[in-house]
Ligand code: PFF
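Read the single chain below, which is given as structure tokens and is the form predicted on its own.
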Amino acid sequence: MEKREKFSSRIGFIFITAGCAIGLGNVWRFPFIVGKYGGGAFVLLYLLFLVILGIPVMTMELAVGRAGRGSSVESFRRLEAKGQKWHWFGYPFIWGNYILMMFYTTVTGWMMAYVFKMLFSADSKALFEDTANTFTHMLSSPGAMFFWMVLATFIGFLVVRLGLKNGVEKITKRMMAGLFVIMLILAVRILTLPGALEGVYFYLKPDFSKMMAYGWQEVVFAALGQAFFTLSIGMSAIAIFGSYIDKSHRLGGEALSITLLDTLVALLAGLIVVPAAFVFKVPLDAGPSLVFITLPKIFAKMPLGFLWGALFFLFMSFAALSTVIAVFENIVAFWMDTYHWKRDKAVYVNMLLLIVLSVPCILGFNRWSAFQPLGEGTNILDLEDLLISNTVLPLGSLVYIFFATAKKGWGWKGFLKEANTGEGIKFPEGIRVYLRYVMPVIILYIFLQGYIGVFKK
């Protein structure tokens, strides 16, 4: 097996893998559902599901990557028994990475565009006063969206081209450090507003009556879904970083560290978004409207609002770009490992390919808006998101579970040996039955409920 690149530090691995997990859902979805479903009570339920669902699957994915020392196809090929075909699953994982980036680069471009709008808009007053029209105008302008999408794609691949240590690790560590600094500055500023602490109380106070008002099934599914999807597990984007680390630390502890970092970002985002909305009596809403329509109205009411708005969208850009860079590295590593391409060739070919593949998402908001694949009011982005969030991630996680626990896969002994090599928290041996038979039922429940929720609308 050829010598493989490695991270220069453990903190680099944790930051980058957490950067892959940390995404826009941490900001525009987590605060909304926490406030809706009972504040601190929902957070406790969410943390429970992270422990019993998210961390085990992440540990399995990291273990496959570290033991296989390659991208998804090669790792499965090296670990499977002779005659087995587990490596075939690696190809849909990579397709999932492409589908994710076909819309994620566009949304990342929106964040970057709003940094520019906040700082350099010729008419910032109009930007603040008519935020809905500003956002709608951007969506109706395919040329502008194409420019920002290309810029996001170019930045992501430029970092990947520099290599694992000098590009992905060095840049992502700095971006993540910048992300936390900006979040802390914004949180302190928001919390100093008169009445902000009442918003914190509303956000984090355990309120079990709210949970019961929506019904236990809806609340449990919301917590399960958020815990599952927040970590980006199931499509090999986490496994690739497992392939770049040494065996000095046990993987259960590494998965815990990554999960805690991801959760910290989500909670901090809530301390920015919820108290601000509470102070200015702006209703919390889910989805892009919260970020691009509601929050700019809040910044408009603050002194130096354009500066705070620019910082907020810069933090959003960092969160989005960390995911873009991580997934691009996985895509490039696939071509390098499977087809022995040089890094430069894999970068340039995939950069052009993803620019082309991202065009339908852009046109879905304007020229192709008549195409509504999931019913009235939906667009191409919704379809692409459905394929990833409701299909690739849950079904991909099932593959990792069965591969690590089934006798006809890698097997429980092989997985445990890899996961528990090194120092740190030991992955428990006695939960194989739960992982093998109970967790797949939970994931299938998430999978089916996701589709039922989409087509019930």
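Residue numbers run from 1 along the displayed sequence. For clarity, a rigid core is taken as the largest C-alpha set superposing within 1.5 Å between two forms. Given the structure is predicted, the values throughout are model-derived calculations rather than measurements.
The same protein also exists as the form predicted in complex with the named molecule; that form is not shown, yet it is the one meant from here on.
Peer 1: Since the partner isn't included here, can you check whether the named molecule sits close to all of 23, 100 and 229 in the predicted bound form (heavy atom within 4.5 Å for each)?
Peer 2: Affirmative, all three are within 4.5 Å.
Peer 1: Counting any heavy atom within 4.5 Å as contact, can you tell me which stretch out of 249-257, 234-242, 376-384, 176-184 lines the named molecule in the predicted bound form?
Peer 2: Residues of 234-242 come within 4.5 Å of the partner.
Peer 1: Among the candidate residues 312, 104, 157, 114, which is the single one with a non-hydrogen atom no more than 4.5 Å from the named molecule in the predicted bound form?
Peer 2: Result of the distance check: 104.
Peer 1: Just one of 64, 58, 419, 393 has a heavy atom within 4.5 Å of the named molecule in the predicted bound form. Which one?
Peer 2: Filtering the options by heavy-atom distance leaves 393.
Peer 1: State yes or no: in the predicted bound form, is some non-hydrogen atom of residue 295 no more than 4.5 angstroms from a non-hydrogen atom of the named molecule?
Peer 2: No, residue 295 stays farther than 4.5 Å from the named molecule in the predicted bound form.
Peer 1: Is it the case that residue 134, even though its partner is missing from this view, gets within 4.5 Å of the named molecule in the predicted bound form, heavy atoms only?
Peer 2: Looking in the predicted bound form, residue contacts with the named molecule do not include residue 134, since no heavy atom lies within 4.5 Å.
Peer 1: Wondering, does residue 153 line up within 4.5 Å of the named molecule in the predicted bound form on heavy atoms?
Peer 2: Contact with the named molecule, no.
Peer 1: Flag residue 263 as yes or no: does it have a non-hydrogen atom within 4.5 angstroms of any non-hydrogen atom of the named molecule in the predicted bound form?
Peer 2: So residue 263 does not count as contacting the named molecule.
Peer 1: Would you give me the residues of 304-327 that have any heavy atom within 4.5 Å of the named molecule in the predicted bound form, in order from first to last?
Peer 2: Stretch hits, in order: 323, 327.
Peer 1: Align both forms on the core first, then report whether residue 66 has a C-alpha shift of 2 Å or more between the shown form and the other one.
Peer 2: No; residue 66 is a residue whose C-alpha shifts by less than 2 Å between the shown form and the other one when the cores are overlaid.
Peer 1: Relative to the superposed rigid core, does residue 396 relocate between the shown form and the other one - that is, does its Cα move 2 Å or more?
Peer 2: No, shifts by less than 2 Å.
Peer 1: Quick one: once the rigid core is lined up, does residue 54 have its C-alpha move by 2 Å or more between the shown form and the other one?
Peer 2: No: residue 54 shifts by under 2 Å between the shown form and the other one.
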